[in-house]
Structure formats: structure tokens, C-alpha cells
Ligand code: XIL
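The chain below stands alone and is given as C-alpha cells, in the form predicted on its own.
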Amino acid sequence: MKKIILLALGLLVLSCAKHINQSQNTTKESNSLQTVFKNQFYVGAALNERQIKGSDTKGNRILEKEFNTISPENCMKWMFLQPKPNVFDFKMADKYVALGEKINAHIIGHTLVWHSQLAAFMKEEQDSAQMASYIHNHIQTVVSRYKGKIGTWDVVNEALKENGDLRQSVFLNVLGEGYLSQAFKWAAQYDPNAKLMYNDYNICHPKKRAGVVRLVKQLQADGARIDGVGIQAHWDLKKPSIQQIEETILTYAALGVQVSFTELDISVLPNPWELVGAEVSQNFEKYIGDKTMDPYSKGLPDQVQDALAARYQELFKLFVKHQDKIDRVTFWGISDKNSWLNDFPIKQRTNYPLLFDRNYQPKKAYSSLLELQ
């Protein structure tokens, strides 16, 4: 009888241990960026064409597990959506939005008005009435098509110079500064429920930050609705400082708008001294093949992995501290393999700016963020 009782107790202990292990494994597997920060802000990724099509199976598995908001790297930029006057190509954009709906993600529209990656006919237009008509038609057509599906629009992208003045873009040159408020008014008209953002890089820098403040105040004075400022967080291991980023969050929040970190990645490589932010038109071909500019082509040393993890963790600690002011944090890509920083600002380099490596495996930086739960 004692043997039977002992056997039963043994089986019960084994069963309980198995249940505990299964519970622990389930908890471990359920840990993800979107669950860790679900009560703070959206966590997202920018998607390339293969991921939008679903052909990057490893990347798409990470997408579904880790992220609850998505941005398109390229497919919604003007040159792809409307390459010729009133000739729209929504094939890839439709796939992008359908994917967002499938995984129940908050979908970002990027971007409506941007001087770069613009259709040729827009670059050549010099008649103000025609230019205004083109912009109106573009915003009306695109925003109306995705009304109720796209939750946030980057309405205007990169309209400022480094000193905070307005950039001498084709829009400013032909239409004057009024194009900014008009773009926001049209976006609000065609989807009153979408969040409307201004998005730019280097806007933690004091002079450019002041330019954003002037821009937001002018939009508000013009009666244009602006809901948030998107900080393109293309940063490195040291700059900008945590203090500078915190000051920026507080400055923008004081304007009555939300703050988003829209294009987060951390470069671990040296860059040319003459580099200006994320301006994509810059050319540094003379540095191609320069080993001093590509020091980790055979792998990232442990101490740099540790530095990257520490940098990401201190950033997210700051984001959590100011969660009431922050709407989302979006990484510009899913894995190091597909990061634009492998080719910017110098082509053919090996950079390691994201949370997942070239084999789609989580890095120390990823683990450092899960520790914040």
C-alpha cells in the first residue's frame, strides 16, 4: 500500500513539475517587445517589399511576434504611388495595408509630402496653381483610399534645414510656406480620425528642434491639426545624449502634441565628419572600401555588442519614463541583414543597428529590452 501511495505522490510531483515548466516556457515564449511595452506605447518595424509580400518568412515571423505597428520603407512614397500625373499604382501599398490588417497592427502611412523620392513631374512643375492641384489630388486620393485603415500619417517629411529654417524644396520654392498647413488641412479633411504627424531627423539638435517648435506653432496658428512629431532616431552609440533626447520629448510635448520615435536604429560604425543627418542625397563614394569606415565586416566584437545593448536599454528606460508623452517607437527594419545603414552613408558596409542579426537571431540588445518588463 505504501508503495502505491509513494508512486502516486511521485507521479503527482512529476506532473506538477511538468506543468510548472510548461507554464514557464509559455511565459518565456510569450515575451516580446509588444507584450513588454503594451501598456506604454506601440513598438513597430519598417517593412521592405519582401516582408510586405510575405516572402521573407523569418522576418515575417519576427514581425508577428514582436511588433504591433508597421511602417512602409518605400512603397508609399510619391515616386512609387503616383509616378505620372493622376497615374496611381497601389499594388504594393494595398498589400502593405492588407498585411497590417491581417496581423492587427497599427498602420502608418509614410509619407504624403516629401521633397525626396518624388515623381519627376513634381520636381519639374513651376506653376503654383498646378503644383497645389497635384498635392491636393495626391493627398485626397491616397488618404481617402485608406481611410479608416491607416491610423497615422506622416503628412510632411523633412521640411527643415539643420539650422531650423525651412528647406528650399520644390514645394517651398513654388508655393511658399503655406504648403505645410494646407497639406495637414487636406489630410485631416479626407480622414478626420487619422493621427497626423510631422517627421524629421536631427530634431533633437537645439537649432533644428527650435525650428520644429516654430513649425508646429505656425500650423496650429493656421488652424491646421497636427497630432504629433516624429523623431527619426537614426542615432549612434553616444549621440544624441539622453539629456538631449529628454529635453526634446518635454519640448514637443509642451506644444500639446504626442512624440513618436519613428525610424530607430543605432549605428555602431564611424561616419564621415561631413555627414549631415539622414539626408539621403549625400554621396560618400570616396570612402567605399575604406576599412577604417567598415571595421566589423567579419563580426561585431563582444564589447560593441554590450555597448549597443546598453544604449538601447537606456533609451527605452527614458521612453518608459515618459510613456504618457510617447505614442510609438518604430525600428527602421527588422534585422541587420536588411538595414539601410549597410549602404548609408557609405555603400557596401556591415552595420549592426537593430535587435536581430543577419540570421534573424535576437541580439543582446533585444534581451536588454525584455529585462525592462
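Counting begins at 1, following the sequence as shown. In this text, all values refer to a predicted model and were calculated from it rather than measured experimentally.
What comes next is about the form predicted together with the named molecule, which is not displayed.
The stretch in contact with the named molecule in the predicted complex, judged by heavy atoms within 4.5 Å, is 72-80, chosen from 136-144, 177-185, 72-80, 98-106. By the criterion of a heavy atom within 4.5 Å, residue 119 is excluded from the residues contacting the named molecule in the predicted complex. The named molecule is not shown here, but in the predicted complex it comes within 4.5 Å of a heavy atom of residue 280. Put simply, residue 332 is close to the named molecule in the predicted complex: some heavy atom of it is within 4.5 Å. Although the partner is absent here, residue 235 lies well away from the named molecule in the predicted complex, with no heavy atom inside 4.5 Å. The contact residue chosen from 199, 258, 202, 152 relative to the named molecule in the predicted complex is 199, the criterion being a non-hydrogen atom within 4.5 angstroms. The listed set 115, 110, 208, 195 contains one residue whose heavy atoms approach the named molecule in the predicted complex to within 4.5 Å, identified as 110. Residues of 294-317 are not found to place any heavy atom within 4.5 Å of the named molecule in the predicted complex.
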